[in-house]
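Single chain ahead, written as structure tokens, the form predicted alone.
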Amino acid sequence: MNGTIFDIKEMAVHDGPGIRTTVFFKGCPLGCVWCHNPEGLSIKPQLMYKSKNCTNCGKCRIKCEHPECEPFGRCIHICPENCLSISGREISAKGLAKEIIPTAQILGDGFGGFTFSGGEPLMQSDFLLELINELKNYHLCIETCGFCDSNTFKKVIEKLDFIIMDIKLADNGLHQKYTGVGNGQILENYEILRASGKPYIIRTPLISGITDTKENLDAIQKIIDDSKWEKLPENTMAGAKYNMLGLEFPLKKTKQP
């Protein structure tokens, strides 16, 4: 089975225990206004264009024979300033495992394992489960928003060694406003995770005036009780990639008076 990924990060140290390789899956069911990986929102490959480096030479508009360029009407290989790239590629679970396992072999006992991130890996759950099977001899972790049906959630986490799950907003209405979906399914899956016996961490991104309020943090604390909880500082560079995708950074618009 093929899936769509947009990045592979080696030597990752914040994506689970030890030194890891993190695979970023394309596609996310949420639309968080602060999202710092906008290239992970759509499940389809996307053209990324660094307009500030463009000299308007027009070379990319000349018809080429590269099949990967055809959907975008531009040649991504010819730009002398490297302004163009494609975010996202399809790959089989077996092919991806073959690509990333050598890193583990090089690091030996120093290798912590593989982490699945995104986007949202659970959006491609069948592909994810196949990849998990290909990597079953390694420590496996997921970074997830927790938004999927409970049967899928159970099926995936039972095959993993460690789970990192977001709880962003405790209030359902605010969750709907700032992420595009309610949090009922997420909180239901959190209870499944809590009862599973699997080691896990809850994460909350601290977004000024949205998730970092005392009301929200106090409410999350009541939900998660004594669970391990990491509060992540806001990424001030989060909006940098939106222009490259021809998008507007939603958080900037949200905070406009």
Partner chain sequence: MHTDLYNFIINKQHHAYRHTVDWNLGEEYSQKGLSPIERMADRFERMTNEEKAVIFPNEQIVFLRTVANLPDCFTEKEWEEIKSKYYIHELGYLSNLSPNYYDTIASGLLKMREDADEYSKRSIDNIIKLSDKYLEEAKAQGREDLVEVLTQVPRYGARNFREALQFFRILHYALWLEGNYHNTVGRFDKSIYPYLKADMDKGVYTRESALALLEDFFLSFNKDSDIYVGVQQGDNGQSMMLGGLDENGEYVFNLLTELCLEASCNNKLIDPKINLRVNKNTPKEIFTKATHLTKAGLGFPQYSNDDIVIPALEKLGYEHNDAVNYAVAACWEFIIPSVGADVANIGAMSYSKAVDTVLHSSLLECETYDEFFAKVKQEIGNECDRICDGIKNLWFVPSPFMNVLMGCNVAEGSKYNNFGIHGTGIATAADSLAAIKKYVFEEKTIDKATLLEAIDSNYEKHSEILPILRFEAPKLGNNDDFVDSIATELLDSFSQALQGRTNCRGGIFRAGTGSAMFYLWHANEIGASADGRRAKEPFGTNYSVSLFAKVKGPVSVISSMTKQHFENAINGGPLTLEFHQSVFADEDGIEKVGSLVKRYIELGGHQLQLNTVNTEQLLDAQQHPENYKQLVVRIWGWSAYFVELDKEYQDHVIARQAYTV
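It should be emphasised that the depicted structure is a prediction, and the values quoted were computed from it without experimental measurement. Positions refer to the first chain, counted from 1.
There is another form of the same protein, the form predicted in complex with its partner chain; it is not shown, and what comes next is about it.
Exercise. Only one of 167-175, 150-158, 107-115, 131-139 gets a heavy atom within 4.5 Å of its partner chain in the model of the complex; which is it?
Worked result: Result of the contact check: 107-115.
For this session: Indicate whether residue 81 is a 4.5 Å heavy atom neighbour of its partner chain in the model of the complex.
Result: Residue 81: contacts its partner chain in the model of the complex.
Exercise. With a 4.5 Å heavy atom cut-off, would you call residue 18 a contact of its partner chain in the model of the complex?
Worked result: Yes, contact at 4.5 Å.
For this session: Could you confirm whether residue 73 comes within 4.5 Å of its partner chain in the model of the complex, counting heavy atoms only?
Result: Contact with its partner chain, no.
Exercise. Would residue 12 count as touching its partner chain in the model of the complex under a 4.5 Å heavy atom rule?
Worked result: Heavy-atom contact with its partner chain at 4.5 Å: present for residue 12.
Exercise. Of 59, 44, 198, 231, which residue is found within 4.5 angstroms of its partner chain in the model of the complex when only non-hydrogen atoms are counted?
Worked result: None of the others qualify; the residue that does is 59.
Exercise. Of 92, 103, 125, 185, which one comes within 4.5 Å of its partner chain in the model of the complex, counting heavy atoms only?
Worked result: Result of the distance check: 103.
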